[in-house]
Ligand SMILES: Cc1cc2nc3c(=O)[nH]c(=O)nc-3n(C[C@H](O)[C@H](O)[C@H](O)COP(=O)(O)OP(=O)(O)OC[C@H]3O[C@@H](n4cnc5c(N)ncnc54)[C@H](O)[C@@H]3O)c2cc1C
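What follows is one chain in structure tokens, specifically the form predicted alone.
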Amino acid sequence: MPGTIIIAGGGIGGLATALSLHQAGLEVEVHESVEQIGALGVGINLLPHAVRELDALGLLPELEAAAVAPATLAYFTKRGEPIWDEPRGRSAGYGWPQLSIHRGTLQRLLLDAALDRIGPDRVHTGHHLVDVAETDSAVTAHFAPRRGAEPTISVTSDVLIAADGIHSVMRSIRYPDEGMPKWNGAMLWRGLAEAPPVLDGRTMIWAGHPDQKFVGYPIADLPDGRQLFNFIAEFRMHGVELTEREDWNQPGVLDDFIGRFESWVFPWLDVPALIRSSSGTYRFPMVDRDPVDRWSFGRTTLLGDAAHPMYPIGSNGASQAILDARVLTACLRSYPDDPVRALERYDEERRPATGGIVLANRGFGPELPMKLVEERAPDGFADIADVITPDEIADVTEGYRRTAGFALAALADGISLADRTY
């Protein structure tokens, strides 16, 4: 088996990888750019195939205690008219739930597990990857602090895994001419509000269409009967160029977007009132990168957003990073004396799969029926069956589940990805 494995990046993908490799008996160290890993961000969703992998890591009880398990996904028009709904997680027959959770809570849970299992001496902060040097027998990662004039820290290992995000240094080394991420013109304002349960308190809602939509779901039940409700208000800004680097923690300005949603007062939800009840929002452009021809080069590879940054459609970002971690672990176990081949096999398995999701999300992914309804009936309808058929919807939604790897049949055997042979 390989000796020490270095992970550049202590986000969800990096920490999940560290825990997975440690579980397989591999020696691992994490090097994270920031000085202190904090509980930042808003809500995210973990799909059943990712939850299966976290369950195999022994984390499911803690996850379920800190999250909400949605039972239904419901789609509506911009007037709040129902288009369709479908069961999710265990309600859909999966052996694992879908979980909605605060990103910071998930990050903290993974970090605490890593500190406990791997040891605090193997989780380093303030180490920003700046360069890489490789020989036939080893790879050396050079880290530097984000601030100050301390000397560069060099660490030599058998394998280097770059889980350092959409602006990955490793990716820029391999693809120096790639440039900035691609923006599709959509801007998202994400926030959290304490509110009474929406519908049954276990429903994810998508309302509108790809040019303007509102997404919302609870991520925690509060003691007073209310819920912590995560929302995303989004619309496309045609003819506008992105002039700044995206940042998940960029504060949003209410007046920049609330006007677009003033009329979105539904019988079951007052959207502008909910947005105004939030303490603030984060502004983020919907960006991704083109799929590349290769992730693995010798003893180095990419993982998570460094490998396949995708539009936040269909709840796939964090879930796919967790799947990366588990397949990579299995590949290293499958080729214990040949880490280079192990990384190649991981590349062969995961790169085409995630590239398909990136492209599917550009093509509206599971939102396509919402687009069709808006195009066919922009002024409303008396019966949704006159606008779109159940078969059209099923073709899109089931096709997306297959592309993303969480069709029900794909999880029927219950075997963790890390326990398979590649």
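One-based numbering along the sequence shown. What you see is a predicted model, and the numbers here were worked out from it, not measured in a lab.
What comes next is about the form predicted together with the ligand, which is not displayed.
Comment: 302-310 is the region of 221-229, 204-212, 302-310, 332-340 lying near the ligand in the predicted bound form, near meaning a non-hydrogen atom within 4.5 Å. A heavy atom within 4.5 Å of the ligand in the predicted bound form is found for exactly one of 73, 318, 99, 327: 318. Here is the short version: of 127, 289, 171, 78, the single residue with a heavy atom within 4.5 Å of the ligand in the predicted bound form is 127. The ligand in the predicted bound form comes within 4.5 Å of a heavy atom belonging to residue 33. Contact annotation for residue 43: at least one heavy atom lies within 4.5 Å of the ligand in the predicted bound form. At least one heavy atom of residue 12 is located within 4.5 Å of the ligand in the predicted bound form. By the criterion of a heavy atom within 4.5 Å, residue 103 is counted among the residues contacting the ligand in the predicted bound form. Contact check for 8, 163 and 190: all three have a heavy atom within 4.5 Å of the ligand in the predicted bound form.
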